[in-house]
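Listed next as structure tokens is one chain, alone, in the form predicted on its own.
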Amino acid sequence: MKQATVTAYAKINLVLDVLRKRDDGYHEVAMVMQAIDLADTIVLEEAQRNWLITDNKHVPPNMNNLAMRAVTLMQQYFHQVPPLQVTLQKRIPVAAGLAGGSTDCAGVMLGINQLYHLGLGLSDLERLGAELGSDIPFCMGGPTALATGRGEKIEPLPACPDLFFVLVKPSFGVSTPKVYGNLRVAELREHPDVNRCIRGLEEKNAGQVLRSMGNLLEHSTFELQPDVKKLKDSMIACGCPHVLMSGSGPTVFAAFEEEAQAQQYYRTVSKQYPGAIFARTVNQNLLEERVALYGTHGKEISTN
């Protein structure tokens, strides 16, 4: 029996700007998104019926899970895809603003595409993924991209210089619809500078990338969950000037150019926040190695 093992990388937002509320109820956004090496592991194998196994009690093991919705979507379009068991080893915190569900969904679709030789290109996969969620198209590609529209329109950007991150996810979650619903875009006069970040990427200027970081959703999330603001202030006080909330929160991350500084900061922060996570940027080579195929006897199959 053939099997696919997929590494599903988390994302952070280096810049997240909200431009306006659209007529369809969504918000028009402009975001610089970056894949990081915090990752879930997905195993796909044929089964008598579709089902999910997971090691995380906070992940519903049912067909409402995005990973399983990805299976049924692919089966809907491609009848050669049989029932599948999805085994999901979670390392990305749940409801964290790190696209954990979206990247699992993308990983399942990438794995099925290769396992059953569907021949779908990246644009095809992005289009299908957008049917299930706005972050999924980015999670198909990356590692660094500009996301516009409601987040589903993806334009690759120059690779981000190596950066290092310390992430802290509070014990509570934040409702993304509530964060957007509470946002009063018209009242906000200062917006993060997406173009400045893009110029930093083009010039391979890590310092400029860090100085350009910003997230307009912080205004709304901090109102709804003041403890996220307290967390950000606490992480700045630990000695990092480049601290930002990812997505709609509640995860907050500190960013560094130098790995040694990041590791030292991680040791300091871990004393106060034992669940802190150390991560770094993902490059294109790692993305291209996400899917590994195995044959009947467990021997890896070349995907070249």
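Small disclaimer: the values here were computed from a predicted structure and weren't measured. Numbering starts at 1 and runs along the sequence shown.
Another form exists, predicted together with a small molecule; not displayed. Remarks below refer to it.
Note on the partner interface in the predicted bound form: the residue among 182, 75, 176, 89 having a heavy atom within 4.5 angstroms of the small molecule is 176. Site annotation in the predicted bound form: the residue of 279, 68, 59, 29 reaching within 4.5 Å of the small molecule with a heavy atom is 29. At a distance threshold of 4.5 angstroms between non-hydrogen atoms, residue 141 is out of contact with the small molecule in the predicted bound form. In the predicted bound form, the small molecule lies farther than 4.5 Å from every heavy atom of residue 295. Within this chain, residue 133 lines the site of the small molecule in the predicted bound form, having a heavy atom no more than 4.5 Å away.
When the small molecule is considered in the predicted bound form, residue 191 lies well away from it, no heavy atom lying within 4.5 Å. Note that among 113-121, 76-84, 208-216, 133-141, the stretch whose heavy atoms approach the small molecule to within 4.5 Å in the predicted bound form is 133-141.
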